[in-house]
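Next up is one chain by itself, shown in structure tokens, the form predicted alone.
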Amino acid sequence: MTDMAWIDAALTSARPQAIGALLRYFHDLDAAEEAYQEACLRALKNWSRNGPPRDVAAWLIFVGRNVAIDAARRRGRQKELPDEDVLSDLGDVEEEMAERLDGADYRDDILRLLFVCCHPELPATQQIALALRVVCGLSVQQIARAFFVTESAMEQRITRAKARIGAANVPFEAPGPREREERLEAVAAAIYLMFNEGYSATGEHVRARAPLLDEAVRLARLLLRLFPGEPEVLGLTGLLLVQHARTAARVAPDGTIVLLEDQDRTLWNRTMILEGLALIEKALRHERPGPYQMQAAIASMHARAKRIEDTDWAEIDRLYSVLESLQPSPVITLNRAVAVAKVRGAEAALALVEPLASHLSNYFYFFGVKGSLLMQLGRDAEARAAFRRAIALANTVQEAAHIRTHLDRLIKDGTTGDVQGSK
């Protein structure tokens, strides 16, 4: 890994802890973000020369806090900043900070920050967008993709959310039990989307996004400690564990996407799967079904199958039907079509997919699935058109290459088969 690559990965991993702690100092979102950015700039200069500090998050918190305080002093008293060497000589202070980071306070800071971003003063969509930007460090482009909106629209949404938080003088203190319960749905959604952003990575981005997966699972576990009897939190945590368990098998060493049916299941993390399955079963025993529980139940069907041939597609189709009733969405219907194709054939699946065209006209997976179904039905010309559209909409080189291999095969000899399944 290059200097820039490992520094970028370290900064991404440490961001939630650093932002959470800096917000505790400054009680101001913009000040915390500016302090963190300044610390990152110094890290790029210092770490490439001296190597990484013993504790990355502690270094960023300490440097960010000092830079911001010195900037405030300079503005107020025209006092000069200390030398770079003084700021970078962390010695004993770093060790002290590392010990504090090992405690529960800093871990709780991150979850507390999520609850702050999900303040009821903001509309729900702004709550989650702000949490993903400030806490999770996702780019505006990444968040816009998750919400199916343009980057400019998402930029405006985040700017309005920050302004609203500032105007409302929101206290940056840990919310009480009642406030936590009121904001639970938005916090859970932010953790879920954070995980999805890491899970959707391909190629060289897989390693860089891995900290997002780990952090999302860790936050879900922390949320479960606050709400141990809430079925949706149980389902969410179980879902992330079962999905994360397949990480090692989802991408080939060259970055190529490996679909679920082609994955080496011996690479799946069985310990993580067993923990996830136990949480999912516990959630379902409450008999209060919710979207996360249904997604978790679907994921558990894949996790239990020792071979692709053992998958209970009929049960997966039934679970998707329940999920559609709980949370109607064209993307959920599209995912259900994969199971329907296995149970009732490509014609029935295509009947589900075609009405979604107006909603998913810019969605890569829509055209991947449609092309696959058309190919199975022998409608080659239409399949080629769908595949070409999918390539045009691909988010990564690996996604485009994956579709290209099947398009080339279709053009060459008309071979049929699945193109876009679960990853």
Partner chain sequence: MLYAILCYDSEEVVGSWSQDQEATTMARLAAVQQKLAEKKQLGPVARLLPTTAATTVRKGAKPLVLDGPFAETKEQLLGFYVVDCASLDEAIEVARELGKASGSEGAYEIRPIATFKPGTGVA
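Numbering follows the first chain given and starts at 1. Take the two forms, find the largest set of C-alpha atoms that superpose within 1.5 Å, and that set is the rigid core. All values reported here derive from a predicted model rather than from experimental measurement.
This next part talks about the form predicted in complex with the partner chain, which is not shown.
Tell me, yes or no, whether residue 228 is in contact with the partner chain in the model of the complex, where a contact means a heavy atom of each within 4.5 Å.
Taking the distances in the model of the complex, the answer for residue 228 is yes, it comes within 4.5 Å of the partner chain.
Classify residue 298 as contacting or not contacting the partner chain in the model of the complex by the rule of any non-hydrogen atom within 4.5 angstroms, answering yes or no.
Result no; residue 298 lies far from the partner chain in the model of the complex.
Can you work out whether residue 9 and the partner chain are in contact in the model of the complex, taking contact to mean some heavy atom pair no more than 4.5 Å apart?
Judged by the heavy-atom cut-off of 4.5 Å, residue 9 is in contact with the partner chain in the model of the complex.
Is residue 271 near the partner chain? Define near as a heavy atom within 4.5 Å, in the model of the complex.
Yes - in the model of the complex, heavy atoms of residue 271 and the partner chain come within 4.5 Å of each other.
Are all three of 382, 388 and 393 close to the partner chain in the model of the complex, meaning a heavy atom of each within 4.5 Å?
Per the other structure, none of 382, 388 and 393 touch the partner chain.
Answer with one of 218, 344, 180, 162: the residue that has a non-hydrogen atom within 4.5 Å of the partner chain in the model of the complex.
None of the others qualify; the residue that does is 218.
Pick from 315, 281, 155, 185: which has a non-hydrogen atom within 4.5 Å of the partner chain in the model of the complex?
Checked against the cut-off, the match is 281.
Want to guess which of 349 to 357, 141 to 149, 228 to 236, 315 to 323 is within 4.5 Å of the partner chain in the model of the complex, heavy atoms only?
In the other structure, the partner sits against 228 to 236.
Just give me the residues of 283 to 297, first to last, that have a heavy atom within 4.5 Å of the partner chain in the model of the complex.
Sequence-ordered list: 285, 286.
By the 2 angstroms cut-off, has the C-alpha of residue 369 moved between this form and the one not shown once the rigid core is superposed?
Moves: no, less than 2 Å.
Can a Cα shift of no less than 2 Å be assigned to residue 56 between this form and the one not shown, given superposition on the rigid core?
Yes, because once the rigid core is superposed, the C-alpha of residue 56 moves 2 Å or more between this form and the one not shown.
Using the form shown as baseline, tell whether residue 14 and residue 267 are closer or farther in Cα-Cα distance in the model of the complex, where the change reaches 3 Å or more.
Distance between the C-alphas of residue 14 and residue 267: longer in the model of the complex, by 3 Å or more.
Closer or farther: how do the Cα atoms of residue 12 and residue 221 compare in the model of the complex relative to this form, given a change of at least 3 Å?
Closer together, by at least 3 Å.
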